[in-house]
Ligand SMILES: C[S@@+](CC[C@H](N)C(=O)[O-])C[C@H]1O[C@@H](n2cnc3c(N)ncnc32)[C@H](O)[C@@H]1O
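Form predicted alone, single chain, as structure tokens, below.
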């Protein structure tokens, strides 16, 4: 049987999240596996508040008030934390999450059941660029720090799938880190970038301009591109403290020498991401939204 490059890439992603998935609990006990969003009035030292605010920002841009009982898709859902958070606010909505990692599906659905949300939130094992859904079946779609796992600098496979599954008038939101251009990076920064991609089992970040061009070409309208890098920055400041806490805990348990590659990479990647985030000419964090 011929093993394709894409299959190999997916196996690497699955292996990473199976090895390091539980360590995300150090970042957030609710398993929000993303960065936060700062608004005036939020305590920047409260990581949980920042993370929940990011969930609210994405939800607001989905504009679910226009639908009676909306069906919302969570692409690259991880353990489903964002969907559960939204379901607590949008009690009329149903959420379907999709991830290629079997462990995330089973554990995420257990967490959902513990919160009593299993009738409105459910996770499935699937490639988010090839969803097991008919066309024009969803009212809204979002991807929080997962679109980066799609192929190519323009993430066209994902963009085309977004357009296929959304009903006319449906909305999407992508929250993620992006490259500001596709020009060669300075050599020192390129090494950090490539190492970070390897740590998080990524191939490449999207180029923001190429992604937006793909969205237009596929037929999306009302596209908004918001550079929210400074809004996300306060949550980045939590990275060193969480990493040190993780390493100290592992050392205290006598497990430091036995850390596998995935867990080491998961601890290293955020620190490398901080360096990339400070390289504002080359990288940024964006909220991209639009309408079919």
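Positions refer to the first chain, counted from 1. Since the structure is predicted, the reported quantities are computational estimates derived from the model, not experimental observations.
Just so it is clear, the following notes concern the form predicted together with the named molecule, a form of the same protein that is not shown.
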{"property": "121, 211, 82, 174 - the one with a heavy atom within 4.5 Å of the named molecule in the model of the complex", "result": "82"}
{"property": "In the model of the complex, the residue from 232, 67, 62, 33 that sits within 4.5 Å of the named molecule by heavy atoms", "result": "33"}
{"property": "Any non-hydrogen atom of residue 218 within 4.5 angstroms of the named molecule in the model of the complex", "result": "no"}
{"property": "Residue 149, heavy atom within 4.5 angstroms of the named molecule in the model of the complex", "result": "yes"}
{"property": "Close approach of residue 128 to the named molecule in the model of the complex, 4.5 Å, heavy atom", "result": "yes"}
{"property": "Partner proximity in the model of the complex: residue 193 to the named molecule, non-hydrogen atom cutoff 4.5 Å", "result": "no"}
{"property": "Per-stretch contact check against the named molecule in the model of the complex, the hit in 159-167, 183-191, 110-118, 96-104 (non-hydrogen atom, 4.5 angstroms)", "result": "96-104"}
{"property": "Residues 10, 76 and 145 all lining the named molecule in the model of the complex, heavy atom within 4.5 Å", "result": "yes"}
